[in-house]
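Take a look at this one chain, the form predicted on its own, written out in structure tokens.
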Amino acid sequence: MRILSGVQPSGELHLGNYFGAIVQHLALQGQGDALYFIADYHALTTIQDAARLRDLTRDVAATYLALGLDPARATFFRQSDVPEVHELTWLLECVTGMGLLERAVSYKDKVSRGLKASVGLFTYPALMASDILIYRSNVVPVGQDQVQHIEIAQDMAASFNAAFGREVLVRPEARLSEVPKVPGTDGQKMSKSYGNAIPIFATGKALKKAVNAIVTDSKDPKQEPLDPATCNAFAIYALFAAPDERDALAARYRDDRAFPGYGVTKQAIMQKMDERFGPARERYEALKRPGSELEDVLRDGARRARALAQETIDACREATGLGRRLV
């Protein structure tokens, strides 16, 4: 089984990334041939600052390695270090109807939120399909909002195989995260673009500011029970806590008229984050320093990923009549 997933370097990774993707990625690296890439080509749809893109790319790489990604068990690389992905993107676009991309929900959503309606943003699903298909991936871990992109990749693979009469490209299947939605500080899905995220490695005043920004209601626990089912702070705490800890805090919400209020939950979130990420935070800082093994890991991962990509491109070129690469 070949597993593939990517993450955009478009800002500090946050709890939504961690519980929605990273936890699953780390667990899957021992269950198959796992490939994880930093989607820096995709990030160009929103970031046109070279220094910032380089820094964010290193930040993503350091975060994954600090949290436990093992380069010996998973291929970890930058998307832009495998240029063959763009050749496959063109081949796929040549057999894809416009209607397929026009129906992409994410494009409409991003434009509605103010992103420039660029050609790159519109054809984003084609590049994502190429990312998946070029490694002949079987399983793609995603959140619910990305399922349509996997379906587009399936359609593109089928169109290519049908157009050229060969089963060159493998149909991928989505694998949904067990945590489909991580609430942000405002109760919406946690997202960098929504400004409601809590960074994984936030510390001190920055961590306190982010956690204290969690929106709660104005109920007074001395006057009426609090409802853990509708509390944003409780939902975030529950991601870290053991079942008995969740149950105990929920009981205090409902039954303890002396409960001091939501500040207790927010303090517990900060404590849980320090416990969970403290050791990894030190490793993260070391990896970010010049001269760390970070670049060596990414280069080795790119070498391994590119070998797989070249096999697929050779098969696609032969199927289309372009012939094998000369170099």
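The numbering used is simple: start at 1 and walk along the sequence shown. Not measured: the values here are computed from a predicted model.
Omitted here: the form predicted in complex with a small molecule. The next part is about that form.
Engineer: Of 164 to 172, 191 to 199, 221 to 229, 247 to 255, which is the one stretch near the small molecule in the model of the complex, taking non-hydrogen atoms within 4.5 angstroms as near?
Structural biologist: Single hit among the candidates: 191 to 199.
Engineer: Among 151, 145, 84, 93, which has any heavy atom within 4.5 Å of the small molecule in the model of the complex?
Structural biologist: Partner contact (heavy atom, 4.5 Å) among the options: 145.
Engineer: Test of understanding: in the model of the complex, would residue 312 fall inside 4.5 Å of the small molecule by heavy atoms?
Structural biologist: Close contact is absent here: in the model of the complex, residue 312 is far from the small molecule, nothing within 4.5 Å, heavy atoms only.
Engineer: Using 4.5 Å between non-hydrogen atoms, is residue 179 touching the small molecule in the model of the complex?
Structural biologist: Although the small molecule is absent here, residue 179 would touch it in the model of the complex, with heavy atoms inside 4.5 Å.
Engineer: Can residue 7 be called a contact residue for the small molecule in the model of the complex at 4.5 Å between heavy atoms?
Structural biologist: Heavy-atom contact with the small molecule at 4.5 Å: present for residue 7.
Engineer: Can you work out whether residue 305 and the small molecule are in contact in the model of the complex, taking contact to mean some heavy atom pair no more than 4.5 Å apart?
Structural biologist: No, no contact at 4.5 Å.
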